[in-house]
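Only one chain comes next, encoded as structure tokens, the form predicted on its own.
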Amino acid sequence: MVKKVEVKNLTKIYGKRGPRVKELIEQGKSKAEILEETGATVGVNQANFEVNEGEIFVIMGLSGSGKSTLIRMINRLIEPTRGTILIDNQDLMGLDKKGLREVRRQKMSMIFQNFALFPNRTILENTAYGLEIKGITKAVREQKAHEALELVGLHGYDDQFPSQLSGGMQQRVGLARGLANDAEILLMDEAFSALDPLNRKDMQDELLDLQAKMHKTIIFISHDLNEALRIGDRIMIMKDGVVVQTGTPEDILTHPADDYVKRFIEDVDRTRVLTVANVMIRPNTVNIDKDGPRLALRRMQENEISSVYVVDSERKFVGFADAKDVIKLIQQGSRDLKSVVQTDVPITHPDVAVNDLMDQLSSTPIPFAVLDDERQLVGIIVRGAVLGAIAGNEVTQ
């Protein structure tokens, strides 16, 4: 993956910045401890992370965690106290005002929670504002703005004013403005938090649809874990200015870094995030090309199971054999295991969301066979493992 943004030891201190504050930070003291001893407020404390090109990177935390300060330091709307910010390996901290202004115009667009629309400008003019600042001719910027409005589902609203649009539609204008500017990086600060739940979900869907087409690098601030899990390729959780954990949604849910993260994820609907790979267990198998019914029965007895999965010599899935059928085959003196293999077995892929299988899992008596792209058997899903994963227990292979 290509690194688009790289942040190293980024720190923001409000108030006193003496050597004692730096010393306490380096000692790993908390925000509260530094405030008590020095009177200085640590907004962000030595943040380190990378954002890959084309991903949605969500920074989340409670109020006061430092997430909004952090995103504003990335484009230097807030000046860092110390640290490094690299965009395409260019160090923003070394830029003068002119160079920084150029990077902001060419590389980044920021979308705010409060829409930040000009009430006396039309929707088209609001959308084209970033291009106007760049000095783009009126005809070109209006064409680009019109295309961006169509992308976000606002065809026909060019000549309307912000007051004539709902909150959700106004937020779409903010998103269109970022797209019209054709910025490589979108910085979205609590962009959907002012919307009602229905409009918020619609905007999340809109963002995901647009991302599938445009592959922007998006840094998205949120205080809502469900939103973060829904849209984020990776999530970074902050507390008191410190980065607590960074990982994929599945990483966060299955391996929380500490009690703070565990409390964060307590009420999450895990079925919407966990994939089959998280809940599958290792199957007991026999090889159809070399194993017979007696070995199949022995394997079932050893593992106290009533059926065994059948694969070929390349571990490609064939089906499963039930203990009753295998016993009957032995009694008949036959060694033809193939004759009792059942092929009508529910199958799925490791990347499928558990939520998509819940109805079928509750109705089928046969555990799902999990097959990879080569149709090799990589696991099975049993109800107990799914329930355990939903409850937050690790699946035992």
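Numbers for residues come from their place in the sequence shown, where the first is 1. In this text, all values refer to a predicted model and were calculated from it rather than measured experimentally.
The discussion below concerns the form predicted in complex with a small molecule, not included here.
Though the partner is left out of this view, Ser63 does reach within 4.5 Å of the small molecule in the model of the complex, counting heavy atoms only.
Residue contact with the small molecule in the model of the complex: Thr69 places a heavy atom within 4.5 Å of it. Although the partner is absent here, Thr41 sits close enough that one of its heavy atoms falls within 4.5 Å of the small molecule in the model of the complex. With the partner left out here, the small molecule still marks one of 328 to 336, 357 to 365, 55 to 63, 344 to 352 in the model of the complex; by a 4.5 Å heavy atom cut-off that stretch is 55 to 63.
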